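Take a look at this single chain in structure tokens; it is the form predicted alone.
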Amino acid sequence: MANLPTGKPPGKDQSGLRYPSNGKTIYHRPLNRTKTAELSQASFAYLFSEMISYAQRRVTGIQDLEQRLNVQGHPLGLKLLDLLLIREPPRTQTRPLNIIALLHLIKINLWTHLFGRQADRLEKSSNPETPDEYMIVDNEPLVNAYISVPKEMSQLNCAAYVAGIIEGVCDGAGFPARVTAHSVGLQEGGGGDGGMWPGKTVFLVKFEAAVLEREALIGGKG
């Protein structure tokens, strides 16, 4: 009887994991053929519109629809956190240890990975009664670029999907939070930059009380 091939080169012991000599694993490889290649916006728009259509099934209102989009984005955030960290150099390959480090990871690394640029602003609530609230501002959310919202659903913001991704990153990093997306461009009207950025969206990150208690104990030092 002929021996079946084992898939192992002769004389080679493959009993354990082997890493490339340059230290790069499959997680360091770009998802596209080249690092500069981008996903077709037409393909993205079609896939995202199908996701919205799926989330619209049996919803009871706008809030329910946004919640479903949030739930769809949450698992992606959990996975992206590990991916972003493993692609960091070994000396910086550590999880964020405080709120500011986490939010900078989201504003810079996560946004650049998803949208090819950083988020526009990161702010802390100026209200002393809400020290647990932070805001990530995106003047032109890509997820809303090809969405036509009917008048009866004018309060809908499909960037709730991105809010779910942010929430997943926060939960995965050990900073449980509730994240919601709010349209502010139209409300600002002609004042401020509302006229320039009509689709401007604020992602409100509200951390749980336990996170702030831990932050106070460590003095915000990472």
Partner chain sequence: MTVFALIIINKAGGLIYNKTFHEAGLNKVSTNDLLVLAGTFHGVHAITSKLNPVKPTPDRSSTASNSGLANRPEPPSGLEVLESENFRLQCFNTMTGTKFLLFTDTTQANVDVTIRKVYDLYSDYVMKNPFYQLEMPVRCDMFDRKLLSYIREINNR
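Residue numbers count along the first chain shown, from 1. In this text the structure is predicted, and so the values were computed from the model without any measurement.
Another form, the form predicted in complex with its partner chain, is not on view; read the next lines as being about it.
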Three residues, Ile52, Ile147 and Leu156; all within 4.5 Å of its partner chain in the model of the complex via heavy atoms? yes
task: Please check if Val59 has a heavy atom lying within 4.5 Å of any heavy atom of its partner chain in the model of the complex.
output: no
### Query
Might Lys151 be said to contact its partner chain in the model of the complex, defining contact as any heavy atom within 4.5 Å?
yes
With a 4.5 Å heavy atom cut-off to its partner chain in the model of the complex, the contacting stretch among 75-83, 138-146, 124-132, 90-98 is 138-146
